[in-house]
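First comes one chain, alone, set out as structure tokens in the form predicted alone.
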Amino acid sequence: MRASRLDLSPPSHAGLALQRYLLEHDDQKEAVRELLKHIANTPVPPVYRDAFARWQRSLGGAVWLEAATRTPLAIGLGNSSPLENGLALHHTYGVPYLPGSALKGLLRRVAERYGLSQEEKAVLLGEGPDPKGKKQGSAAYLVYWDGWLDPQSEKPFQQDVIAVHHPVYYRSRGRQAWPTDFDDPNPVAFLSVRPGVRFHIPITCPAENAQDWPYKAAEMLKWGLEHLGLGGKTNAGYGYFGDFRITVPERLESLEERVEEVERQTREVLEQVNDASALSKIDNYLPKIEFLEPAVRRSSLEAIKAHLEAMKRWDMTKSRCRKIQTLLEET
């Protein structure tokens, strides 16, 4: 539906406004400038903050690369748009984002400069099929998620201009005129992400305790964002980032490490229980291990039972002994 037929004010969703609310294509391009001005003043919707928090929680095991735009960012210029240039916008929330495919493409360029081996490239980027059909391709072992906008970014957009200096030459594809210094430039208004806008980029690996590879990918991506740039017009200074921060999740303890820690605590308690007057220390300790997984608490419960039997205090008429036996029988 054409926007000129709508009796509505421009929407607060930047993507909807960009795709559906251009009133007309006038010769002076006033409608385009008004539309871009409206989007540039559009704040991040409040609902996006909750969505960002949910998204971040769902990727708790990821290595996070944070980066802020040091120059304007023009990513997704080739996306379809009623204007002559598009922009990569989140479909649901209308905020700018960094497509994971673009980040992986940048990492591929960085990998060539780092001189990685074929095996390292296969882990980071995957492998294409053998042209002779003797070997199938494989996906990358890492997952490159979209980079989401920091929810604290209030107004991430800005109005921008591309000046086409030789419009007749380009329009005719070089068949009607040569480009000269006497051509009239044709300024084209478009939308870009302003400098100083922060993004969060997660990288995950399906293997447990294998943050080394995602961390290496984050380090390489950081170099690419700083020195090669992302998106379009990098030769004109667009798409460069700075103010980096890499966050690695705390390593989860293995089952063996958790069992060992619980056994250590149990030994400390049992060393204090040498007669009937100290049995209350076991009663106070049991609730602390009751809700642990059976595989983690089993050896400690067996040690407590053996200790009570050695003291001649293993009596199934006592609630502590019934509780220990019940927990031991759980799987």
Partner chain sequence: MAEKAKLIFWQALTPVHPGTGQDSGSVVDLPVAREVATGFPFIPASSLKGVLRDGREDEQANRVFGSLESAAELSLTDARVLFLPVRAYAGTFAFLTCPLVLERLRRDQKALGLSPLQAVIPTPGRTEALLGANPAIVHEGQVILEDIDLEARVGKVKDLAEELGLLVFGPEAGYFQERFALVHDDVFSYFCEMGVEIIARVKLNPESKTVVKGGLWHEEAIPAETVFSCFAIGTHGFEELERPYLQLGGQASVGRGLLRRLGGGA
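Just so we're on the same page, rigid core means the largest C-alpha set that superposes within 1.5 Å between forms. Note that this is a predicted model, so its numbers are computed, not measured. Numbering follows the first chain given and starts at 1.
The next section is about a form of this same protein that is not shown, the form predicted in complex with the partner chain.
- Which single stretch, out of 145-153, 215-223, 158-166, 184-192, brings residue heavy atoms within 4.5 Å of the partner chain in the predicted complex? It is the stretch 145-153.
- Does any heavy atom of H91 come within 4.5 Å of a heavy atom of the partner chain in the predicted complex? It does: once the partner chain is placed as it appears in the predicted complex, H91 has a heavy atom within 4.5 Å of it.
- Answer with yes or no whether R198 is in contact with the partner chain in the predicted complex, where contact means some heavy atom within 4.5 Å. The answer is no: R198 has no heavy atom within 4.5 Å of the partner chain.
- Is there a heavy atom of A306 lying 4.5 Å or less from a heavy atom of the partner chain in the predicted complex? Heavy-atom contact with the partner chain at 4.5 Å: absent for A306.
- Message: Is S58 part of the interface with the partner chain in the predicted complex - any heavy atom within 4.5 Å?
- Response: Residue-level check for S58: yes, a contact with the partner chain.
- Item | Candidate from V259, I246, A140, A111 lying within 4.5 Å of the partner chain in the predicted complex - any heavy atom | Contact residue from the list: A140.
- Looking at S172, T180, S254, N79, which has any heavy atom no more than 4.5 Å from the partner chain in the predicted complex? Flagged contact: N79.
- Query: Relative to the partner chain in the predicted complex, which residues of 39-55 have a heavy atom no more than 4.5 Å away?
  - Reply: Result: P45, V47, A51, R54, W55.
- Message: I want to check E34: does it shift between this form and the one not shown by 2 Å or more at the Cα, with the core superposed?
- Response: Stays below the 2 Å threshold, so no.
- Is L279 one of the residues whose C-alpha moves 2 Å or more between this form and the one not shown after the core fit? After core superposition, the C-alpha of L279 moves 2 Å or more between this form and the one not shown.
- Query: Any chance the CA of C321 moves 2 angstroms or more between this form and the one not shown, core superposed?
  - Reply: Yes: C321 shifts by at least 2 Å between this form and the one not shown.
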